[in-house]
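One chain comes next, on its own, written out as structure tokens in the form predicted alone.
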């Protein structure tokens, strides 16, 4: 099942018994057909699944949409980007970026603090904290952003992005924090670009058209 982009802030999902949808609770804008909505405890594991997301803070109230019909989703006027996963690589993002996704996709919480102090600092810079969410399998994911997203391919060489603009990435990508703090930054007269996320490997990184966080 693929999401149909109605406009930059609304997507439509065609729901059937074979293609239920998991969505952020309260994100339904309208629907037709015979569909029902029920709360789902936690992230991941399909419609009825649960992982310890609540313990990590990587958790959003989610609901399952089931039945037959089409449903419109949007949230607080934020922009929506549809990412199609083909099963070859996972999507990594913050849980609150998820608007909706195919219920057959698997979500899990990853502890990024095991990467040491640099990973911990990276988490702090991106707002992820010590945990992040991974979405894997084949299917569609609708992501939220401020101002829409721009996809940057990562193909071996390094790509640097602003931590505040980072939305997520797909593929086998390693993320590291690069800091170039000089005396001007220390006294508040720097360029404001002292920290960047260095992306390397193979995949795609998504940045938003804003440095505003959720």
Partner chain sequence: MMQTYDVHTLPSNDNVNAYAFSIELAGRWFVSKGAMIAYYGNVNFDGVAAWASRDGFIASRFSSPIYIQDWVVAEGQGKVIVADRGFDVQSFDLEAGNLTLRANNLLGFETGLELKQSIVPGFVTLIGTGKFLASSNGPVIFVEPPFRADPEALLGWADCPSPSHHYDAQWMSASLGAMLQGMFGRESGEERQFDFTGEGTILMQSSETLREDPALMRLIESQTSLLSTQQAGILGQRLVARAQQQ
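Positions refer to the first chain, counted from 1. None of the values given here were measured: they were computed from a predicted structure.
Same protein, other form: the form predicted together with the partner chain, not shown, and the subject of what follows.
Visitor: Could you tell me which stretch in 133 to 141, 73 to 81, 101 to 109, 86 to 94 has residues with non-hydrogen atoms within 4.5 Å of the partner chain in the predicted bound form?
Guide: That would be 73 to 81.
Visitor: With the cut-off set at 4.5 Å between non-hydrogen atoms, does residue 209 touch the partner chain in the predicted bound form?
Guide: No.
Visitor: Flag residue 27 as yes or no: does it have a non-hydrogen atom within 4.5 angstroms of any non-hydrogen atom of the partner chain in the predicted bound form?
Guide: Judged by the heavy-atom cut-off of 4.5 Å, residue 27 is in contact with the partner chain in the predicted bound form.
Visitor: Under a 4.5 Å heavy atom criterion, is residue 172 part of the interface with the partner chain in the predicted bound form?
Guide: No, no contact at 4.5 Å.
Visitor: Using heavy atoms and a 4.5 Å limit, would one call residue 155 a contact residue for the partner chain in the predicted bound form?
Guide: So residue 155 does not count as contacting the partner chain.
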